[in-house]
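This document starts with one chain, in the form predicted on its own, laid out as structure tokens.
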Amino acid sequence: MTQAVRIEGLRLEAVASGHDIVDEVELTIAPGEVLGLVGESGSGKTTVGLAVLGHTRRGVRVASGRVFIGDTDMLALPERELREARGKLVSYVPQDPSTALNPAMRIGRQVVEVLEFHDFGGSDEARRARTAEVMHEVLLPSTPDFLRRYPHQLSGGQQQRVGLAMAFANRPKVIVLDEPTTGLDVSTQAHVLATVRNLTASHGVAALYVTHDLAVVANLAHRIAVMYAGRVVELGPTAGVFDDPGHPYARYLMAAAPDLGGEREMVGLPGRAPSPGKRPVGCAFALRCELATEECHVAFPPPIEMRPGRMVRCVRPGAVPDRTKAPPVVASSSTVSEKPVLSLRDVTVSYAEKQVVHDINFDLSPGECLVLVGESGSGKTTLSRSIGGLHHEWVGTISLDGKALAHSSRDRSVDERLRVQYIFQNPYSSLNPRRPIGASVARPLMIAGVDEKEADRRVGEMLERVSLTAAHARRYPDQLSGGERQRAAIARGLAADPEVLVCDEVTSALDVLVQASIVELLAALRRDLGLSMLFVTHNLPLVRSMADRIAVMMEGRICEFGPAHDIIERPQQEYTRRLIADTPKITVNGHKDHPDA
């Protein structure tokens, strides 16, 4: 069968230095097939995805290679033909739906505009009919009232499905999805993934799914390509890669993935992938691999067919590193103290006159991790922002060490603000783009009156603790990947040695290895410093790895509360059972590989 996508010998370089960003990339995708592209932040996944659209980021050039969609070489098209191909021949769905939608334009008009640009159907009537059809395909209403809404009037899941509607509107042959479910709750994510699965299968669209969420690709992708330091190190059917990874790096990825079943603990991997210009001779993973031999440092291993349809670039394919043998998880236990560090009594939160969170009561003990879970709109973030003093429209009592806190952070003392630190979900907006990373991390220390020399020392120390280097202090946010930005934001939250850390979806932008290292770091801080955490997340497998207790929120109320293992294993509420059922799990038994894979 003719491949819908064919990437041959792709190499992209930094214009300024000539250092390779990705190299030797060879991939094919058949019509109707979903190829999952996984790896750490900075591994080159998104760079490859953008190359399929014939696009490179500023400061990056195509050094060699070709990208074919059918018989069309995307990298050889002149600019005008390239603009016509995007959206008609190949479409793109970004991670953040807000970047794909115009906030000042009604959603119906945005879908129609995509069709008009490519003259779909040749008439306004045909385009209106296609708009209604594609909205139905993504399980959204096509009523005039809904189409007249603006993006801010939709939920995150609805925004993402509008983005999918725009991408599929012109019936492209190929679609590139770049982390399209990151930040969505598990129920919304399940709907979006089902939409992607149905549309690609029913229309024969080839999909390149870029993600760090292994559970998602385990349930969606027909084949998986694993990238490390700009190269594909393993490629094969989903079931084969998950059941028996051939490359040591792929085994580390599997070992770092959180496990909802509680059969094993997350295992992190020390060190970080070498960046362009710092990649060693030979296998770039050898510096972190306990199986490395002298041969690994001589030359990058050639592709080895481990078995039919399985390609691995390793001198010891199939070998199992000891550190990937995860120990069984130890069930967490609540450590409720008689003197809680944080207490909420009868807290009700409003926006204007509308109540959105109702009658919340709980205590947070020293060293405890309490996790808030629930769907988007359940009130998790609104409640956590109220605790941090970032939302002031609430009544009731929020106490820190027995002392009631003011409603707004502006009215709290410097000491109180430093003792309760807030880490935001979105690393793209939580760091000042005009300020170097070091200055952002040092800001809490400056407020605390720490002198500049000591602040610089502690900034370097904190960056190292979150798997960055002291050199990152001189960089600006736009010079970092999404995962690196989030690690910098976590370093800022930890810099002032807080007593309570409020984490709002802080791992949603992180790959599994960095996520595992952050979870290990937070666990160490809890153990060594008695740090208490309120952790807001929709990642239930992650909850199992770190929570002492869980509070399940629905429609602004806590509907279930208790020890983590009890909530996960014996949920009492139907709502909780549905959240657990909708959570993607790394189970590949019975997974049917694509016939052309």
Partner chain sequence: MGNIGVWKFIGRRLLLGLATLLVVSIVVFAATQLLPSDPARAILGRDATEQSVNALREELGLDRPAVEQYWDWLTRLVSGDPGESFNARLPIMDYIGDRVLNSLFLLVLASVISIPLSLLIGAYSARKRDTAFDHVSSNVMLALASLPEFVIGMFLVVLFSTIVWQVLPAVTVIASGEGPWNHLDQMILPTAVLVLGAVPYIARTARASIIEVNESDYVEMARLKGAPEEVVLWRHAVPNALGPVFQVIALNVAYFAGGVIVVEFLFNYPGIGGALAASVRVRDIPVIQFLVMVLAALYVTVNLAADLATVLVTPRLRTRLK
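Since this is a predicted model, take the numbers as computed values, not measurements. Residue numbers count along the first chain shown, from 1.
From this point on, the text means the form predicted in complex with its partner chain, which you will not see here.
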- [ ] From the candidate stretches 511 to 519, 146 to 154, 390 to 398, 404 to 412, select the single one in contact with its partner chain in the model of the complex, where contact means a heavy atom within 4.5 Å.
- [x] 146 to 154
- [ ] Find the only residue in 362, 424, 92, 300 having a heavy atom within 4.5 Å of its partner chain in the model of the complex.
- [x] 92
Task: Selected contact from 474, 358, 323, 109, since only one has a non-hydrogen atom within 4.5 angstroms of its partner chain in the model of the complex - done: 109
TODO: Using heavy atoms only and a 4.5 Å cut-off, decide whether all three of 448, 456 and 469 touch its partner chain in the model of the complex.
DONE: no
Task: Residue contact check: residue 127 to its partner chain in the model of the complex, 4.5 Å heavy atom - done: no
Open item on the list: Please determine whether residue 274 contacts its partner chain in the model of the complex, using a 4.5 Å cut-off between heavy atoms.
Closed with: no
TODO: With heavy atoms only and a cut-off of 4.5 Å, decide whether residue 83 touches its partner chain in the model of the complex.
DONE: yes
- [ ] Evaluate residue 385 for contact with its partner chain in the model of the complex, applying a 4.5 angstroms cut-off between non-hydrogen atoms, and reply yes or no.
- [x] no
Task: in the model of the complex: members of 106 to 145 within 4.5 Å of its partner chain, any heavy atom - done: 106, 109, 110, 113, 114, 116, 117, 118
